[in-house]
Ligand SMILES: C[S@@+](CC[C@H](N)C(=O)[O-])C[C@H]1O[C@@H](n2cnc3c(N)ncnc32)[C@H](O)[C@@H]1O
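This document opens with one chain alone, in structure tokens, the form predicted alone.
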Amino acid sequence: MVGKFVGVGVGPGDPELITVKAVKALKAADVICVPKSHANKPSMALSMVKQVLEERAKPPEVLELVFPMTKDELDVKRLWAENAVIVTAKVDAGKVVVFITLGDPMLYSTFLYLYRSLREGHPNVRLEIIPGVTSVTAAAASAKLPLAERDEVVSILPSDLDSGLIEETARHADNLVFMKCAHRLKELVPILEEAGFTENSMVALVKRCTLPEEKVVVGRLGDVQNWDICKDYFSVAIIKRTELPVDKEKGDVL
């Protein structure tokens, strides 16, 4: 049997948003790879696929790969290279190895680090990638706020980017999506106003998207400073140059 490595996006949180193709891959896998930032920390991705795995007649091997959160790039590359060796050994033994990741494997995912290590150090490993529902599109659905209409330009940004780069990007975009942004959203307001967004520009902040504890706040950019924002890591903000309709006589949002 020829083995292969499959990157599977399991969506933003709601198990019902896992695609049919992802479910088939999970049920056929010999090994389920679970990325973790700490050995003792539970995996959100694994909890999402629990029901699918329980439906199997024979449970798969669960391989936990620890990837500590560190900014030491050399250390990160070494850790991913070591994990790539572990995965390659399973594939060479004829196993189908499925790596689960939140959202989509090709958008700001943990999978990309291992993918790059395999492509560079183990180019003969058979690879397959199954896309998943992203937090970006799921947040737009939860907030009922279109990501783009007609000829609008959308930019997706990590919230920890340099302020100058954020401002320059914002000048050329109609709509912005900030990933994992709750801790910095208030700081972004004056930067975006310098880029031409107004106090009435529409903002949606979505935390824990599609999960039972999901929280959605929609309003004006000018009101963000007054929002009570819990700094949740799993947060997405959508900011549109389009202004929120306002009753000019009363000053109320329509």
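We number the residues from 1 along the sequence you see. All values derive from a computational prediction rather than experimental measurement.
The form predicted together with the ligand is left out here; the points below concern that form.
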task: Let me know the one among C33, L188, V203, V206 whose heavy atoms come within 4.5 Å of the ligand in the predicted complex, would you?
output: V206
field: Interface residue in the predicted complex among V216, L53, L46, L211, criterion: non-hydrogen atom within 4.5 angstroms of the ligand
entry: L211
task: Answer yes if any heavy atom of S109 is within 4.5 Å of a heavy atom of the ligand in the predicted complex; otherwise answer no.
output: yes
query: Quick one: is K77 in contact with the ligand in the predicted complex, heavy atoms, 4.5 Å cut-off?
result: no
field: Any non-hydrogen atom of N175 within 4.5 angstroms of the ligand in the predicted complex
entry: no
message: Taking the ligand as it sits in the predicted complex, is V87 near enough to touch it, meaning that at least one heavy atom pair lies within 4.5 angstroms?
response: no
task: Spot the stretch among 90-98, 165-173, 129-137, 115-123 with residues whose non-hydrogen atoms come within 4.5 Å of the ligand in the predicted complex.
output: 129-137
task: Within 4.5 Å of the ligand in the predicted complex, which residues of 2-23 have a heavy atom? Give them in sequence order, or say none.
output: P12
